[in-house]
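What follows is a single chain, given as structure tokens, in the form predicted on its own.
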Amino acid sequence: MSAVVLKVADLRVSYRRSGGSFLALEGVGFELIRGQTLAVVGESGSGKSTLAYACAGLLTPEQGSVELLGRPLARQRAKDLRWQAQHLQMVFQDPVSSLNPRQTIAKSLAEPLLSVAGNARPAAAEISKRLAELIAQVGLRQDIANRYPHELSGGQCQRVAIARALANRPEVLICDEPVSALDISVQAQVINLLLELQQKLALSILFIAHDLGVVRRIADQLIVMHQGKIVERGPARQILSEPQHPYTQNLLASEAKLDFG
């Protein structure tokens, strides 16, 4: 079994805009190692979220490749897309808008289980058992299953979003600034939850962030991006203690301190 679960090589992505195009990613590549967290940091517009979307298969790069567990990302075939959904999932920045406001939490959690099942639809009892496991796994009460997103706090919604991402037991989790929309105290709780889940489930996490305060707690490896390019990479502890690039030094100087208890 390979130690590399997600391999990215030479990604290039640009967006059209009035008067020309904007280069969001240029020559970006990395490897995510099984069981580790690779954090990607940089200010708004540095290309972090574009990278996350490309790695999740939600946009197609103009150049380069993304491999999940040794296989190129699926683009069209339904069978390949189902396989990909089983092994890689994403947690988005805004926990409320990432959930369907017209669905109960139970329906939102059941959706990924049904989407990858194809014709082999799981029994209702099996789904109910899995939903109860997921709700407990993210530290929520079971009665939350019959509630709607607008009835929950932002932190609760993000826990639900994490539970939904874990429904099919993926190996890789992409987190696109999953705590930036939450209060500071709730941010720490969600980070601690991700750490607990990673240890229990052997998750490999690509974690997108805009500051180093959160990364200090969660990352094994660190990539610093600026204007669509990687300007520094390496062990997180080393970069956070001895940043070499001026851009990383500026990020570190403005770091927010969180209380993780």
Partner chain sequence: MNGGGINATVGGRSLWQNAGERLRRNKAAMFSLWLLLVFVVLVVAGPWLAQHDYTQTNLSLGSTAPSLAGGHWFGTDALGRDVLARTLAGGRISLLVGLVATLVSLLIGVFWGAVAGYCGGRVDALMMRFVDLLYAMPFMFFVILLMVVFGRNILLIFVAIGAINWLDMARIVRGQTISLRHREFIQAATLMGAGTLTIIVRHVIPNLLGVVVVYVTLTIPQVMLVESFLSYLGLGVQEPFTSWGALVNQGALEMETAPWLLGFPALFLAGTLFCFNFIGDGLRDALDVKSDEDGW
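Numbering follows the first chain given and starts at 1. Model, not experiment: these values are computed from the prediction.
We do not show the form predicted together with its partner chain, though everything after this point is about it.
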Query raised in the report: Contact between residue 56 and its partner chain in the model of the complex at 4.5 Å, heavy atoms?
Result: yes
Query raised in the report: Does at least one non-hydrogen atom of residue 177 fall within 4.5 angstroms of its partner chain in the model of the complex?
Result: no
Query - Residue contact check: residue 155 to its partner chain in the model of the complex, 4.5 Å heavy atom - result: no
Requested in this report: Would you check, heavy atoms only and a 4.5 Å threshold, whether residue 131 touches its partner chain in the model of the complex?
Outcome: no
Query - 90, 98 and 147 all contacting its partner chain in the model of the complex, non-hydrogen atom within 4.5 Å - result: yes
Report task. Answer with one of 116, 182, 135, 172: the residue that has a non-hydrogen atom within 4.5 Å of its partner chain in the model of the complex. Result -> 116
Query raised in the report: When its partner chain is placed as it is in the model of the complex, which of 231-239, 41-49, 28-36, 56-64 ends up with heavy atoms within 4.5 Å of it?
Result: 56-64
